[in-house]
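Coming up is one lone chain in structure tokens, specifically the form predicted on its own.
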Amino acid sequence: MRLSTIVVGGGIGGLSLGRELALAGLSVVVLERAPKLATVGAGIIMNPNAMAVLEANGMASCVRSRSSPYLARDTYDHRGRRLATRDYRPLYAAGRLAIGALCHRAHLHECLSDGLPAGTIHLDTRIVALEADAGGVRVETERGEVFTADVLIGADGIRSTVRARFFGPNEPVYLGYRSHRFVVPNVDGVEHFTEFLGRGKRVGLVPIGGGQLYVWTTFNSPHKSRAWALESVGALRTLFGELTDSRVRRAFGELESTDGVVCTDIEEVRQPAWARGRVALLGDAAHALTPNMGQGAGLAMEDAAVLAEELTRAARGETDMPRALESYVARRRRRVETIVRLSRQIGEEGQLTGVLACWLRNRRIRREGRSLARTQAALERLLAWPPRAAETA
């Protein structure tokens, strides 16, 4: 069977699925509404599980070519006092995890798009009609183009058009805080993923190669508020003034304007069904999660690898399309739900505001950080790919 797939969305998940299907020899087109591939988000955390997927599909060397290795994650309090270090290097040395990478999002997009056959991606494509029935799927664009295929995959993000069309309306859930992201020169030579915990505020400093530093923040904010501290660099620095470590201050000091600062709501998509008939959802369209574990890209890439395996089985006649998509969901659901839950909990603790609550949080992080064996086991359990059988059962 010559199975064909239409992927709506040219983000990380959509491009990853395109790569996986092309490697399997299956026909695929990726439809993206933007006139060029997006680079919003500045930096990106490629955890070991994400890099393991890329190693399997041949794209890891491209990503590593312009990135920093993800060797450790250092956590400090608001004054810069060390709370804990999660060191990945023993797990790397033992071959138990793929080496993580920290890079610019634009570089990742470039690698993924270059890994697709010419003509796979259709940019500046606005969809006006989506149809699916037992015989196949059909997509019509604003320019009058018509694409037909055997299966339709919605990889079109947190406000997915495919999700709304085939699964009904489902607005993302706002979790009470927002995030800034920007890139500045790495003047302090920060080597590790470094985070600072304040009261209702956090700042992360992430080296992404090429002498660049990816800076992310979180801050509690009412949903209707527009007080995002983007009116000036001074306002942004003031918002995070309680974080007094010199590395934080110098990173903010390198910012000359807020024009390139991205500010987004922290939201989740809680979607009960990810597949129906010949249509399935992938990545943020199915399960957008908080960024606290840096797993948005990793989960989307894992989705793509598993979905491509199931579609390949359907192409070989080993199963039919609905069952292939049901199997994809069954294989992914438990692991995704575990990481979504853990990421949400990390965010809830990170956004605490009470003096006592923050002190207790910091004490717990410091205490747990001393248990190296337990930390290593937890990292391996969460970041290994393929995951242990217990994680997907």
Ligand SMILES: Cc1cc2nc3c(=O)[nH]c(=O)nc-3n(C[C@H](O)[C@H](O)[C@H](O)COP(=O)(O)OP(=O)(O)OC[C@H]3O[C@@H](n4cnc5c(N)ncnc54)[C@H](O)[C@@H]3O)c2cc1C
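What you are looking at is a predicted structure, and each value in this text was computed from that prediction instead of being measured. In this text, residue numbers run from 1 along the sequence as written.
In what follows, reference is made to the form predicted in complex with the ligand, a form of this protein that is not presented.
Enquirer: If we take heavy atoms and a 4.5 Å cut-off, which stretch out of 250 to 258, 280 to 288, 315 to 323, 195 to 203 is in contact with the ligand in the model of the complex?
Expert: Only one stretch qualifies here: 280 to 288.
Enquirer: Work out which of 170, 161, 220, 141 lies within 4.5 Å of the ligand in the model of the complex, going by heavy atoms.
Expert: Checked against the cut-off, the match is 161.
Enquirer: Given that the ligand is left out here, which of 179, 120, 113, 75 has a heavy atom within 4.5 Å of it in the model of the complex?
Expert: By the 4.5 Å criterion, the partner-contacting residue is 179.
Enquirer: Going by a heavy atom distance of 4.5 Å, is residue 212 a contact of the ligand in the model of the complex?
Expert: No, residue 212 sits far enough from the ligand in the model of the complex that none of its heavy atoms falls within 4.5 Å.
Enquirer: Residue 45: heavy atom within 4.5 Å of the ligand in the model of the complex?
Expert: Taking the distances in the model of the complex, the answer for residue 45 is yes, it comes within 4.5 Å of the ligand.
Enquirer: So, in the model of the complex, is residue 127 in contact with the ligand at a 4.5 angstroms heavy atom limit?
Expert: Residue 127: contacts the ligand in the model of the complex.
Enquirer: Contact between residue 364 and the ligand in the model of the complex at 4.5 Å, heavy atoms?
Expert: Contact check for residue 364: no, nothing within 4.5 Å of the ligand in the model of the complex.
Enquirer: If we check the ligand in the model of the complex, which of the residues in 253 to 274 reach within 4.5 angstroms of it by a non-hydrogen atom?
Expert: In sequence order, 264, 266 come within 4.5 Å of the partner.
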